[in-house]
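One chain follows as structure tokens, the form predicted on its own.
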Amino acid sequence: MIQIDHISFSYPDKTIFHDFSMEIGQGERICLMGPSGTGKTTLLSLLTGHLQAESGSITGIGTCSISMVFQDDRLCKRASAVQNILFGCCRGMMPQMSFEMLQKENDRFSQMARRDRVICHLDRVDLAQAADLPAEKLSGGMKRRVCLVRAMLSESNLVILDEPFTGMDSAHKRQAIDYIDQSLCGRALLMVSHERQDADTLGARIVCLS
């Protein structure tokens, strides 16, 4: 369990959290909702250590392995969809490795994960036909689906998704939601979304920030 106890955090011109508490149970699904500027992405940054709370504590996160879809896609633009997924999975397990080391490690990792397994997952989000296209050739919605597959295939016990459906049409969004639901396999989920229906479809508890 991850416990957020009475944290406070401010930017120079705005207080985002004051005495805020929340917990994430093992295997629990949570959807963060609220207007822009209420701290949804800030909370994710506090959990992942990119920001530090001014007071209060966050416990349990140190025992978690995390896979994440960020607001920005963070893809290697000249690498293919498959390569980005394999590089990302390696980076998630070995974050201190250089890009050159990751390329070497990818040879070993691809033997374990197998290219056809990655393509099978891409097919589940209607991207098998784009498996070998470089990321720079993909549309915005296609890039988001690559990022989603990368997060779901990475070893983790907490999956964090920051507005993962940006740029997707309704059909691909529904497909992506089904893919998340079927791929969590007991892992906890913390997702930022503006649509209550997304939370309802995934059976997620809604936490509203204001």
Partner chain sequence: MGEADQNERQRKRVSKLCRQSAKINWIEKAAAITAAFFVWGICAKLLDQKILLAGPWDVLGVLSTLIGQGFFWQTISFSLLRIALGLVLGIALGCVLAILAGLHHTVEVLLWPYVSVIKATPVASVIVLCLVWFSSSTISILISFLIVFPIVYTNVLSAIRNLDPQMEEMADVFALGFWERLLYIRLPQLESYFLAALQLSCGMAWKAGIAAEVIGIPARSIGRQLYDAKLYLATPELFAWTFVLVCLSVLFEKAILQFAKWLFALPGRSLR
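Residue numbers count along the first chain shown, from 1. Given the structure is predicted, the values throughout are model-derived calculations rather than measurements.
Not on display, but discussed next: the form predicted together with the partner chain.
Is there any non-hydrogen atom of L32 lying within 4.5 Å of the partner chain in the predicted bound form?
L32 lies outside the contact set for the partner chain.
Can you tell me if D123 lies within 4.5 angstroms of the partner chain in the predicted bound form, counting non-hydrogen atoms only?
Result no; D123 lies far from the partner chain in the predicted bound form.
Can any non-hydrogen atom of R78 be found within 4.5 angstroms of the partner chain in the predicted bound form?
Contact check for R78: yes, within 4.5 Å of the partner chain in the predicted bound form.
Counting only non-hydrogen atoms and a 4.5 angstroms cut-off, does I180 reach the partner chain in the predicted bound form?
Answer no; every heavy atom of I180 is more than 4.5 Å from the partner chain in the predicted bound form.
Pick from Q175, T48, T38, T166: which has a non-hydrogen atom within 4.5 Å of the partner chain in the predicted bound form?
Exactly one residue meets the criterion: T48.
Quick one: which residues from 129 to 154 get a non-hydrogen atom within 4.5 Å of the partner chain in the predicted bound form?
Result: Q129, A130, D132, L133, P134, K137, L138, S139, M142, R145, R150, A151, S154.
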